[in-house]
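Just the one chain here, laid out as structure tokens, in the form predicted on its own.
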């Protein structure tokens, strides 16, 4: 199987071709946002405030900046900042620009200290960004194999259909992509608890298995430190209303979205995998943070597998893009959810329930949907300019 993608100098393959404008340092955020408005088709990343963050959080922010810029869906990058080197060591020229340069894609920089301040930087920034946008537009799609694809998945608003039809169908898709030599990511450390022993057995390396189990223990310990037992406060009210009773029950359905293949590693948030295959990422359940981390790790298409929750009685709000440069494919295994939100959902595997369609058959249909999006067809979320505020998964205290 093949799709039509953008082959980058480092060999990675994108399904979109964005010009990305990023602020290296919070002080340049306004400049980056303004330039993005002035340059057609540009995307902007405004990072969290790095001031007062501990070293681990600063590393996470820097890793996210670099990962987003290196994402295969980015055709060209403009980094803007106050000055070439200044502030925390995680945001030096070498730490940011030097790492992005390894991708080989068109890249330029703009530092206000070198051009006389903010107002002068706007004019020069426009020229630089427009030049980069033209360079990015010169790249043409090429036919490539399924094994060049990189996907990620999150499930949410879980109900019984999540474990019966929605997540297993994604699992079939992941198995097919991994078998072909592609890369797939899944996550949500809060939603493997109770089933972590099943996931742990699938890691190919003992060190990576230990990292995964340590992440699960850390989340439980953090919950206990607040006086709560996460196994008793999750499922959330929407999950309970939808028919789930325990966190273990929820987790057993959630982990099926990772398919059945061996897991090569446990990634930190936004970490780029060392090779192809199936990976687990240590993150939390928020879609606005998780999809951003997936995209920084190289996912070119993020899948949001939705259960029921309140959507069985009320139609969804318009779908939003939460991966910045990676589109989001919304799907559901709940036939009532799809009926209520057919204009927002890209795919339904509810036929597994209503028509007794085999999981594998629905998975092949989903594969066809994904290949269509990978070759250029817009997801429904991409047809509207609706965006959630992006979050970076930061765990340290703000000082």
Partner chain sequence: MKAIIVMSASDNVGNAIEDIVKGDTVAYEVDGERRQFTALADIPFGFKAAVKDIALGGDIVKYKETVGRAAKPIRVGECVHIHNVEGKRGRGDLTEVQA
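This is a predicted model, so every value here is computed, not measured. Residue numbers count along the first chain shown, from 1.
Below, we refer to the form predicted in complex with its partner chain, which is not included among the displayed structures.
Asks: For residue 179, is any heavy atom within 4.5 Å of its partner chain in the predicted bound form, or not?
Replies: No, residue 179 sits far enough from its partner chain in the predicted bound form that none of its heavy atoms falls within 4.5 Å.
Asks: Since only the chain is shown here, I'm wondering whether residue 75 would be in contact with its partner chain in the predicted bound form (any heavy atom pair within 4.5 Å).
Replies: It does not: once its partner chain is placed as it appears in the predicted bound form, residue 75 has no heavy atom within 4.5 Å of it.
Asks: Should residue 301 be counted as a contact of its partner chain in the predicted bound form, where contact means heavy atoms within 4.5 Å?
Replies: So residue 301 does not count as contacting its partner chain.
Asks: Under a 4.5 Å heavy atom criterion, is residue 334 part of the interface with its partner chain in the predicted bound form?
Replies: Yes, residue 334 is a contact residue.
Asks: Is its partner chain in the predicted bound form close enough to 163, 194 and 224 that every residue in that trio has a heavy atom within 4.5 angstroms of it?
Replies: Answer is yes for this spot.
Asks: Which one, 243, 104, 262, 86, lies within 4.5 Å of its partner chain in the predicted bound form by heavy atoms?
Replies: Only one listed residue qualifies here, and that residue is 243.
Asks: Which of 289, 200, 230, 95 has a heavy atom within 4.5 Å of its partner chain in the predicted bound form?
Replies: Result of the distance check: 230.
Asks: Have a look at 251-259, 268-276, 319-327, 78-86 and name the one stretch with heavy atoms inside 4.5 Å of its partner chain in the predicted bound form.
Replies: So the stretch in question is 251-259.
Asks: Can you tell me which bits of 350-368 touch its partner chain in the predicted bound form, meaning any heavy atom within 4.5 Å?
Replies: If the 4.5 Å heavy-atom criterion is applied to its partner chain in the predicted bound form, 350-368 yields 353, 356.
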